[in-house]
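Read the single chain below, which is given as structure tokens and is the form predicted on its own.
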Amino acid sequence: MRAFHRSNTRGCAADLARTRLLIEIPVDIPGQPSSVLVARGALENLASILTMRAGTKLPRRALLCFDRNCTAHAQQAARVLRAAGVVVTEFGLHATEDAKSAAVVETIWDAALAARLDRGDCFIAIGGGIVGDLVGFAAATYLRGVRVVQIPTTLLSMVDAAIGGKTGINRTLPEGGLGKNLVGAFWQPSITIVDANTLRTLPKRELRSGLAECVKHGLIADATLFHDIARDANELVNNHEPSIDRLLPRAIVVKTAIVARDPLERGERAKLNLGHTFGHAIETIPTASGKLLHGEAVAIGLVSAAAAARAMQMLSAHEETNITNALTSCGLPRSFQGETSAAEVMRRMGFDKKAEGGSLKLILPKGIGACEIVENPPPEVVLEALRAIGIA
């Protein structure tokens, strides 16, 4: 990891000298170059970063869309940009799953039109994954595509949602219930700026939620990362800054490497959905909707995926226990607390984006640090996976 950082870290101008942990991780997609800049204090140097990293000059205008819970961060970004001569329009959003809708995207388009944004301007998203998905989709479709800058303020969005260009909104399923991210587009951000100082205002539950994605990344491609998270869980859930600073680039690199190899999710990138087929289905169950954070649903989904892998002899009992124990150490749930049935969860799983030709695909761990795409898993394996999280 240190060698990667030496070879991929680029120098910054003198006015970025106050930042800490200055690391730039490229996302090498042909024709769509992007990068993730990890730097404490980056927000106060936003104008300089955009000038150097996201183009040869600052945009003339910017639509700064933000989660209303992140108003202070948005105001800081707006002050910095205005001081550099950018005309900034601020647009606050309520970041809920219900807000991930076509109606809310229309309000973003309307705000951009009212601000007279053209193709030389940009959208800026400040907040967690919901805001990033909404604003990214609006940017992908406004004037057939304008630049978007992602500034994630949650751990989950820093290591996952704000990276890789997936954007989208939710839609109601034909027989009821919410389908997550069923309408969207791939639209790479010009840059993703990760300033871990923003985590200082993040509720502890949200921080724990983000650790689920970090555990997932370790399970997918980095066994050492997985074991280090389990070892350092207490420090991480308490936002111990040196521990967070070590975690961020390692978790980010897992995603950027996979995205660069498969930007449109035609194959390997589907592995990043480990835990999500189960997690997305239970996240939208009415008795859980609004109660489970996304990362908590992913954690429960990882327990299900581990149980399915164990049933298919891809994972040992000891490894399955290590996974559930790591999630528990991070303060994450390991079972579903609500009223539903296996049949209802399986119905919702059938609408998952990874289902093709009417067949279900599961991403399952194959030991610690590797995973596999399993098509058409036996129904009894899915049922065993659901029983492992208390759903029968």
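Throughout, we count residues from 1 along the sequence that is shown. Here the structure is a predicted model, which means the values were calculated and not measured.
Keep in mind that the form predicted together with a small molecule is not shown, yet the notes after this line are about it.
task: Using heavy atoms only and a 4.5 Å cut-off, decide whether all three of H227, S304 and R334 touch the small molecule in the model of the complex.
output: None of them does, since no heavy atom lies within 4.5 Å of the partner.
Location of the small molecule contact in the model of the complex, chosen stretch of 67-75, 243-251, 110-118, 313-321 [non-hydrogen atom, 4.5 Å]: Of the options, only 67-75 has residues within 4.5 Å of the partner.
task: Look up in the model of the complex whether V105 has a non-hydrogen atom within 4.5 angstroms of the small molecule, and give yes or no.
output: V105: no contact with the small molecule in the model of the complex.
query: Do R208 and the small molecule share at least one heavy atom pair within 4.5 Å in the model of the complex?
result: Contact with the small molecule, no.
- prompt: How about P203: is it within 4.5 Å of the small molecule in the model of the complex, going by heavy atoms?
  reply: Although the small molecule is absent here, P203 would touch it in the model of the complex, with heavy atoms inside 4.5 Å.
query: Is G129 one of the residues lying within 4.5 Å of the small molecule in the model of the complex, judged by heavy atom distances?
result: Result yes; G129 sits at the interface with the small molecule in the model of the complex.
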